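Just the one chain here, the form predicted on its own, laid out as structure tokens.
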Amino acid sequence: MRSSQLAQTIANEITLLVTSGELGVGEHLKTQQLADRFGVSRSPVREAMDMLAGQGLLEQKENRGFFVKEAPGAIVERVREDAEPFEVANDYQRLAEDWLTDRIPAEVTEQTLRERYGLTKSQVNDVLMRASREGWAERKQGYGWRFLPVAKTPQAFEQIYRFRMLIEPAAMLEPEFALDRKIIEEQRRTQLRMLDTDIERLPAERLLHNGALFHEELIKMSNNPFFHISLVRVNRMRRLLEYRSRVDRSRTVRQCQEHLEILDLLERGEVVEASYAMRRHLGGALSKKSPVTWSWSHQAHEKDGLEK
């Protein structure tokens, strides 16, 4: 991906943060924070913010950085439809696809990736930084990179969801479970914001992140750290298959509604009912997503067969 194209993509991502209400008018944009969020270096983020300042969405204040200038309604149509979003085929997706289908070894060097994908050193670094942030790659001590285990088959995907159907409802019934009003309020705002925003415009990466975060934040209230650690790990392991299988945006609306119903039950003190609702919610997600992962698996095997 050319640096200017990467910057345009990030500019679109920042614009969507504003149009979704996640970034408000007058809010300060922190370069390193955005770079960490998108899994890139600071350079394309700065380039993207310069572009948006030129368009009037951001304002650059001397010695202070960039701030959101315009209200969402004034710039929502400015999002470029032809810029490549993170979830479509790009350098990151090519690497992820190759790891999902075992076309690359578990340990590689940056030079190997540069030669395989025809990328510059900076581009490889940006791709690996994102993979590291999303939990499926890590830098080896000394030299090279290591790709970590992820769910690569429909069977593994289903096993993860069945595991979640055990631990997430059970976490609400832990003796030390305690309602955290801050978590409840933050997650309610997020779910309502997603419903109020055109979900068709939000990147799949953001939708998946918000969905996973809802479950990870709720399980914290069990006050049992092992539940939280386990859920974060399996969420990372399923993420690539979620990307590959594509997000069902119509299902996302119902997902948000179910999340709000669970929050309502918890706020009313109906914890047992919330636990049952969580199990139904996860079971419904599995029944919808499982056929999609099986379809992807069949297509991948057919493609491999043709290439051989």
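Heads up, when I say rigid core I mean the largest set of C-alphas that superpose within 1.5 Å between the two forms. So that there is no doubt, residue numbering starts at 1 and follows the sequence shown. Predicted model, so just to flag it, every value in this text is computed and none were measured.
Separately, the form predicted together with the DNA exists; it is not shown, and the next lines address it.
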Give me the residue from Q257, S250, Q55, S43 that has a heavy atom within 4.5 Å of the DNA in the predicted bound form. S43
Could you work out which of S132, T101, Q159, T109 is the residue within 4.5 angstroms of the DNA in the predicted bound form, going by heavy atoms? T109
is_contact(G144, the DNA) in the predicted bound form, heavy atom dist at most 4.5 Å: yes
Against the DNA in the predicted bound form, would S122 count as a contact residue? Criterion: heavy atoms within 4.5 Å. yes
So in the predicted bound form, does any heavy atom of E47 sit within 4.5 Å of the DNA? yes
Heavy atom to heavy atom, is R268 within 4.5 Å of the DNA in the predicted bound form? no
Choose one stretch from 58 to 66, 272 to 280, 235 to 243, 257 to 265: the one whose residues place a heavy atom within 4.5 angstroms of the DNA in the predicted bound form. 58 to 66
In the predicted bound form, residues of 158 to 188 near the DNA [heavy atom within 4.5 Å]: none
Per-residue C-alpha change between this form and the one not shown, S275, threshold 2 Å, rigid core fit: no
Q123 C-alpha moves between this form and the one not shown by 2 Å or more, core aligned: yes
After the core is matched up, is the C-alpha of E168 off by 2 Å or more between this form and the one not shown? no
Note whether the distance between the C-alpha atoms of I183 and F38 decreases (closer) or increases (farther) in the predicted bound form, against the displayed form; the change is 3 Å or more. closer
Distance direction in the predicted bound form for the C-alpha atoms of V127 and T190, relative to the displayed form (3 angstroms or more): farther
